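Only one chain is given next, in structure tokens, and it is the form predicted on its own.
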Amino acid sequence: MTIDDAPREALRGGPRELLRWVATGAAVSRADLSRLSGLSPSTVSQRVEALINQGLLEETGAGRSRGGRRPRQLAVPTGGAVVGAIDLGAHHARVGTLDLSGRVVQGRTLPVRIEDGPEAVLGALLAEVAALAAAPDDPAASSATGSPTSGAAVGALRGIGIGIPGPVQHATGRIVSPSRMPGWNGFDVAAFCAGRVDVPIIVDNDANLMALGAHRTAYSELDHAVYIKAGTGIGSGVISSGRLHRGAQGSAGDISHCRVVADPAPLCSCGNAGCLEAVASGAALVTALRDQGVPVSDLTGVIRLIDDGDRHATALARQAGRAIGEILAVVVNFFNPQVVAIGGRLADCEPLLASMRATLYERCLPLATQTLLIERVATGQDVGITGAAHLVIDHVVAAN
């Protein structure tokens, strides 16, 4: 059983949770960890020593005594190992390095052409991550891309997490029948990357990475959550009992090809008609506006029209919000999460968000929405690489 497969109750006081408590400042000593976990001091000490031996924790000196010997303080190393992260989108990729607490050290946004194929795209992104891990922190480069830096953390690369905007068989790292990714079907991302960098490679769907990143940074106290990524495409990630739920093959949360009522029902890239992605994604809005004679080239143009109050774009955004809400109403009634949070470029579209929220309240059982939070993912552009980093950190902890 891996750490991702264990029930939440069994993880209390486990290595990952001990590491998280120290990383967040909730604990600074073994005594704090024993108090938070309910474990005996000897058990906590044994697990802390294992984390120190792995280079995931360090002792930084003696703390204040409350009587007796002064406790040795604990911290997550900030000047040593880093993890690499890649959050691949249809037109851009966010890459970065993060320290072992999941804090972004450096981040860059790069243009990509997904149609160039996996070898070219992934090869270039791996080279970028390697360069970030090997070079000192560059405040000028980071500020140019909008990512705040948090000090220099140059050291050994412990692993790379990669998010893919399509279905991923998590156990193998292989892409299965992706939409809008010509030449990527069946490609073994993990094997390709492992042949070029000598560190663990963890591959997952980009919506899962967003879910994990948002959950660890903003909603870690909640056990059940659904996170929607709405941009060029649409996907979602599911948190159940405090952990990422992937299902049997890794496709849990894929709402993009659920059918919605639409007349006429547009043809989807999967070959079916009326799929949510064909009705409510950013790509669908671009197509619908063009069909109405509105000159728009991409999702940025759509959002600009909505912000300017264009009636055609605003009406389509409201329709998209209702369609997303109809699918999520089924999810909420079935799964009963504590929060539904939407991220991606369409999350800032107020007409879409308002329609989605209204549809959820209309279509869900009162008990399901009684305390339900419906809001935007508020963790910024680095939420995907943060999730990717946590995948790697969890793997490193579980493997030792």
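Just so it is clear, the model here is predicted, and its values are computed rather than measured. Just count from 1 along the sequence shown to find any residue number.
There is also a form predicted in complex with a further copy of the same chain; it is not shown, and the following applies to it.
Against a further copy of the same chain in the model of the complex, the set Val176, Ile255 and Asn336 is in full contact: each member has a heavy atom within 4.5 Å. Just one of Ala31, Ile52, Leu365, Ala26 comes within 4.5 Å of a further copy of the same chain in the model of the complex, counting any heavy atom, and that one is Leu365. Contact with a further copy of the same chain in the model of the complex, defined as a heavy atom within 4.5 Å, holds for exactly one of Arg158, His215, Arg246, Arg94, namely Arg246. Stretch 222 to 230 is the contacting one of 183 to 191, 297 to 305, 222 to 230, 310 to 318, since its residues have non-hydrogen atoms within 4.5 Å of a further copy of the same chain in the model of the complex. Using a 4.5 Å cutoff between non-hydrogen atoms, Pro200 does not count as a contact of a further copy of the same chain in the model of the complex. Shown alone here, Gln292 lies farther than 4.5 Å from a further copy of the same chain in the model of the complex, counting heavy atoms only. Not displayed here, a further copy of the same chain is approached by Ser240 to within 4.5 Å at the level of heavy atoms in the model of the complex.
Using a 4.5 Å cutoff between non-hydrogen atoms, Gln106 does not count as a contact of a further copy of the same chain in the model of the complex.
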